[in-house]
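Below you'll find only one chain, the form predicted alone, shown as structure tokens.
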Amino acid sequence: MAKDMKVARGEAVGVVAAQSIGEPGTQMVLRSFHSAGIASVITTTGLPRIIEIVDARKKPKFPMMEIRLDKSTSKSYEKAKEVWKRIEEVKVSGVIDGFEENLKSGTMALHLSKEKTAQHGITGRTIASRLSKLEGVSADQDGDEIRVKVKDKDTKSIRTRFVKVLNSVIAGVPGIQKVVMQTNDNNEFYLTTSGSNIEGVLSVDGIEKDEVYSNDIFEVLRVYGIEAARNLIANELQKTINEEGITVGFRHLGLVADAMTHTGVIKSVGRHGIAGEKESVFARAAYEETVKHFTNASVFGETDMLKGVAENILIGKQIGVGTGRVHLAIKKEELKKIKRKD
């Protein structure tokens, strides 16, 4: 039924959408949510996630991905685990038992853990080779140790370089801190990650490249384009609201997503985005920074045509929506007939 329902001409769809999302939004619980069965992959939900989306934050607080595996991999635990190992990032700090640093000589000794290197399938030679590619760093393997030498002279630069060495990614996809394997209703394996890197994941063999999902809106925009970002905004809003046990019509959420993306870039709903770029001076002033908008409008001689809802309410004029959009006219002859009857 819902898909056949149409909006009447003159309906204030923006106001209806705002009410449909805003009122249930007051019922939302402020909480951090652990997805069922994923104790280590945390994602933002509830009101904080709604705010994150409509404010068009450049980076989500908890970026995450869902990665589907191809048919030859999804049924096999061993194959799925291999893909998992190729995706989860491994840092130098994650494969050592300890380290010693000499700030005076600019050298560092990394004590490799046999257990950790074997677990990730990494050799000392591979680690030394990756570290040698870093700017201003040379590294050599010496038994169970990696000896690192930096070319910087002052102590502060040497210390900074040492920190970079310890945080260097030597395997996996950069930005994917944690990967958790799960099964769906068809007993097929898929991966959920903490962290997002679409381009890096797409280069990994064994995944279904058409079914890579990320909650990072700006990364989706960069990789897939504005239409994909628009769909993600609408879907993430619906998903977040549904998780709270609230139902909001998808068309209201789709309208918000359309308003945020129709120019080809993602704009926030607030004063730095849609609300701050309205054509009407009164509408902009009614939202935030009232004095600033009136001052600028007077300096630059702006004209307000009073076509929207907010500006007409502000000055007490009839709103041009619903019945206010209809103008009645009557011929003088017909008016005279009515008067005669009276």
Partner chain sequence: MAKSADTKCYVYLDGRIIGAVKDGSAFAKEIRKNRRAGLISGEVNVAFIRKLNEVHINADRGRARKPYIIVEHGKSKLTDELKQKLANKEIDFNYMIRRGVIEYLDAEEEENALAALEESEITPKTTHLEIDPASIFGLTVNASVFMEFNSVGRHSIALNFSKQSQGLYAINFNSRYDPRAFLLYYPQIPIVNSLAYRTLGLSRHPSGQNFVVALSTYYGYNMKDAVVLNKSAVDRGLGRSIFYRTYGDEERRYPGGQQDHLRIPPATTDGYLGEHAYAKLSDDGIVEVGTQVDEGDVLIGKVSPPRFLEEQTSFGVGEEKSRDNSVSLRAGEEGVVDDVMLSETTGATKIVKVRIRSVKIPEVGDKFASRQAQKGVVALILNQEDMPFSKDGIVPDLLLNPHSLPSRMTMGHMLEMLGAKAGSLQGTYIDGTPFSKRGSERINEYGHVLEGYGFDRFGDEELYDGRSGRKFNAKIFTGVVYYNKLLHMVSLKLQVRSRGPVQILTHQPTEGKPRRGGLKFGEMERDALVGHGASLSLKERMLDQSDKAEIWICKNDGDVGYYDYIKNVPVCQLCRGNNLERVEISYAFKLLLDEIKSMHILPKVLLKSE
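Only the largest set of C-alpha atoms that superpose within 1.5 Å between the two forms is called the rigid core. For clarity, every value in this text was computed on a predicted model and none was experimentally measured. Residue numbers count along the first chain shown, from 1.
There is another form of the same protein, the form predicted together with its partner chain; it is not shown, and what comes next is about it.
A heavy atom within 4.5 Å of its partner chain in the model of the complex is found for exactly one of M28, V309, A275, I51: V309. Taking non-hydrogen atoms only, P24 never approaches its partner chain to within 4.5 angstroms in the model of the complex. Although the partner is absent here, K331 lies within 4.5 Å of its partner chain in the model of the complex, judged by heavy atoms. By the criterion of a heavy atom within 4.5 Å, F62 is excluded from the residues contacting its partner chain in the model of the complex. With a 4.5 Å cutoff on heavy atoms, L314 counts as touching its partner chain in the model of the complex.
Of the residues in 323-337, those that come within 4.5 Å of its partner chain in the model of the complex through at least one heavy atom are, in sequence order, T323, G324, K331. Here I313 counts as shifted, since its C-alpha moves by at least 2 Å between this form and the one not shown after the core is aligned.
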